[in-house]
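Next up: a single chain in structure tokens, the form predicted alone.
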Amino acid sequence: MSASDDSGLPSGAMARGEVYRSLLDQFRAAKIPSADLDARLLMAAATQVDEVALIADPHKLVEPKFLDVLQGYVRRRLSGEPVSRILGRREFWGLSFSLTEATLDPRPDSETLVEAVLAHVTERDAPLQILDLGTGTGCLLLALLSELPQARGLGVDCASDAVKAATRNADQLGLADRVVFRIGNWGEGVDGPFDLVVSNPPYIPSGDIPDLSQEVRTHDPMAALDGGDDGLTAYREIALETRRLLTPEGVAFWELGIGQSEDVSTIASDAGLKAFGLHPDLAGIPRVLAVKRLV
């Protein structure tokens, strides 16, 4: 076996199974919880072979040119960079979304919001108008449009690079004809009304940012994390815009941080809205608040 570089992988051709075991050992030694999954995803991407093929033929050699790519991936993962950032993509709601430095990495918890909206919608073929405030990758809005074939959407984000990423995602998912993404500060300059308003705003209290995992605090954009001193700054702005932009029968769904449901319900009430539904994530944590206009 030839000498290895600082990624821990020997140089020269290696069998797929040998490469996989090397990655797994390194990731486990680094106490990466998702060591097995990370090793498979990075190998598949670097070798341009799907995971099934990697497992089916463990004795096939990995060409040196692919090992070079993989070595770069391994160094980045061991430095704390998430796999989704390394590959530039994340799966959400069964759809693939490209990421940029300006977009939050979509989390499985956020699928709770999509589920809550779909549970509320009684007619999937209705021509609904949907607004997504702080759209990021566009994952919430595009996931909903993929399930609601007659709906149309507007996504707003203050970061131009996020708007570009969301627009690219819409095109890649074949949804570009039913959605528009634009730069803006929440609902400022947006004209309604909308049947549905969704948002996953920044909700981490500023003082808690240093305690976040390295993967989050180093690689997610701070503007998508920092919710101000109490974590509630964005909700105060969103609540006022939501009241203005909802149809009389419209409903808004906001993602929440842990323990924020009562405070955000109060913010909604102060803005002329009524909180009427709280949806837990898979861990049982209240994750999404549903609100509507007070008549």
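All residue numbers refer to positions in the sequence shown, first residue = 1. Values in this document were obtained by computation on a predicted structure and should not be read as measured data.
What comes next is about the form predicted in complex with a small molecule, which is not displayed.
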Does the small molecule come within 4.5 Å of any heavy atom of Thr137 in the predicted complex? no
Closest heavy atom of Leu225 to the small molecule in the predicted complex, within 4.5 Å or not? yes
Classify Gly184 as contacting or not contacting the small molecule in the predicted complex by the rule of any non-hydrogen atom within 4.5 angstroms, answering yes or no. no
According to a 4.5 angstroms non-hydrogen atom cut-off, is Arg107 in contact with the small molecule in the predicted complex? yes
Region of this chain that lies against the small molecule in the predicted complex, out of 201-209, 118-126, 147-155, 70-78 [heavy atom, 4.5 Å]: 201-209
Of Leu95, Val180, Val216, Leu87, which one comes within 4.5 Å of the small molecule in the predicted complex, counting heavy atoms only? Val216
